[in-house]
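Below you will find one chain, with nothing else, as structure tokens; this is the form predicted on its own, and questions on how it binds or moves follow later.
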């Protein structure tokens, strides 16, 4: 599933294409993909700006907004003209603009959604603060950890506290911070919590700089793969020696997800 760096990459690219374009029509090829929660029509409205909250892409229009959740295999691909070559074999919805360009929502497994809404905040009211939000501090993060007695992997995966991270960047961040994924969140010290907060920011920033991670389906708005997967330390590295100590990286199931860690380098807080 695309996480914060992948979604941020797509948003940054689409910011160069979409603002100022008027939606001529919307073609829905899979009825569940486009969810209309608005009495306003999106057709005829102009794209004003794009933003992101956690894993959600927000396309702001004149009087409403489109919120895109890529889920597992969703891709937003921009096509400048009908002749532009692009690999999109599972297009579920297409936004046609009045200049002839198109935004394709390609989704092999059909889990992704586009929500047409009046209020973005109402639709995303259960989504926590974005992991890269400038107003989010290490102190805020520590207080959140202290307020919950759950394993750190589950805490970071839950989008209701800190939004944007998934399996990849949670595993990579916990490894770099030296914290075992089964550590109880409320038992993590202030020093270690602040270290984890800084590490999360560095990991996400590095991944954004490398256009995200392509494990299988992720592509950016131009149909290109990311490069951050070339620099994983623990994610999908089970059976290989730890880059720090040489201990074999293990994979267990935690919080319902495959979890990668170094038994030697990552301290367990319980």
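Residue numbers count along the first chain shown, from 1. Here the structure is a predicted model, which means the values were calculated and not measured.
Beyond what is shown, the protein has a form predicted together with the DNA; the following relates to that form.
S.K.: Among the candidate residues 110, 190, 187, 198, which is the single one with a non-hydrogen atom no more than 4.5 Å from the DNA in the predicted complex?
M.R.: Only one listed residue qualifies here, and that residue is 110.
S.K.: Given the stretches 206 to 214, 59 to 67, 39 to 47, 240 to 248, which is the single one in contact with the DNA in the predicted complex, using a heavy atom cutoff of 4.5 Å?
M.R.: Partner-contacting stretch among the options: 206 to 214.
S.K.: Quick one: does residue 166 come within 4.5 Å of the DNA in the predicted complex, counting heavy atoms only?
M.R.: Taking the distances in the predicted complex, the answer for residue 166 is yes, it comes within 4.5 Å of the DNA.
S.K.: May I ask you to check whether residue 258 falls inside a 4.5 Å heavy atom distance of the DNA in the predicted complex?
M.R.: Within the cut-off, so yes.
S.K.: Using a 4.5 angstroms cut-off on non-hydrogen atoms, would residue 94 count as touching the DNA in the predicted complex?
M.R.: No.
S.K.: Look up in the predicted complex whether residue 72 has a non-hydrogen atom within 4.5 angstroms of the DNA, and give yes or no.
M.R.: The answer is yes: residue 72 has a heavy atom within 4.5 Å of the DNA.
S.K.: 30, 159 and 235: each with a heavy atom within 4.5 Å of the DNA in the predicted complex?
M.R.: Each of the three qualifies.
S.K.: Which residues within 177 to 211 place at least one heavy atom within 4.5 Å of the DNA in the predicted complex?
M.R.: Result: empty, none.
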